[in-house]
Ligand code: ASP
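Next comes just one chain, in structure tokens: the form predicted alone.
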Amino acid sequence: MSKRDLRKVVILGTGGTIAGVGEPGLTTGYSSGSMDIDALIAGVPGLKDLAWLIGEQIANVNSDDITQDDWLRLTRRINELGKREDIAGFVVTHGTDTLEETAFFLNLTVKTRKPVVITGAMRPSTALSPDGPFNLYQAVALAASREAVGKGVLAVFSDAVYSARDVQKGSTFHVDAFSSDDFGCLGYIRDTVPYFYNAPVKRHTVNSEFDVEEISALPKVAISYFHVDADPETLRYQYMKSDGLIIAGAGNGEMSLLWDREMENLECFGKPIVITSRIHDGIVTLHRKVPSNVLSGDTLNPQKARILLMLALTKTADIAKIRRIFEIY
């Protein structure tokens, strides 16, 4: 392919391990977000042969320091650039700790059918065998492909392509740290060629009802984690300090009688409570009787249910309408 035939891809850098620098050869003790996006691009052999590249630095931090302001800035920049006919797709480089959260937020808020691909690394750039260059190479190839159009925000890691809704980090150190558990990947990418076998069916991107262009701050939603002997006072405290609450329950969203009673006591305040599970796989069905302001998080993990509830609360405080939102997203 000649240079003039290449498609244009924007790479938006946010930092993370993929831009990390440390002691040569080591995989721990590094500083995340030490390289800027231009250095990251320059460090991947053959990357500029895949597409015309535009690099922009949105942030340069450990992904544990990503904020909702960064999410809003990313969404708005993608929405702005997505209107340009000369741009074919986007890549977001990101730390792995909260990659799945940023991916899901973008999946619900960007307004383009063009590919938006998020990737990162488990090893810093200075490690003996860094995985970042390989992941970035495949992400650019996917973002430039026509096969990825209309499939929502995608995550690429170690040859696999995942839906932003279902991708989860499952290891603290393996290079193939990401999966979608029960749902599997959408397909593979080998060298520069994507192979899709599945497609997302839940609503996303251009079909999403969420618009954050004029929003300066998202509603406050907390997560309460249930465990043996968990104090119900923590549940009440977080609920009263928030606009809505996610509970990470055991098994099928289960919790102690003390927590169930506390939920009943909180029903009169009317703010939504979404029950999820601390288990990676499965659906929360809520067959038992629950207060009227309590609903199921379906298959979403606690951190993703939090994002959906925050966005739902930008539209409505009506529990029935929020329940509908969780059913279709």
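One rule holds for the numbers: they count along the sequence shown, beginning at 1. Worth saying up front: this structure is predicted, and the values here are computed from it rather than measured.
In what follows, reference is made to the form predicted together with the ligand, a form of this protein that is not presented.
Of the residues given (Ala121, Ala148, Cys185, Met255), Ala121 alone sits with a heavy atom within 4.5 Å of the ligand in the predicted complex. Of the residues given (Asp181, Asp97, Asp159, Asp243), Asp97 alone sits with a heavy atom within 4.5 Å of the ligand in the predicted complex. Only one listed stretch (297-305, 56-64, 262-270, 283-291) carries heavy atoms within 4.5 Å of the ligand in the predicted complex, and that stretch is 56-64. In the predicted complex, the ligand sits within 4.5 Å of a heavy atom belonging to Ser32. Using a 4.5 Å cut-off on any heavy atom, the residues of 8-27 that reach the ligand in the predicted complex are, in sequence order, Gly16, Thr17.
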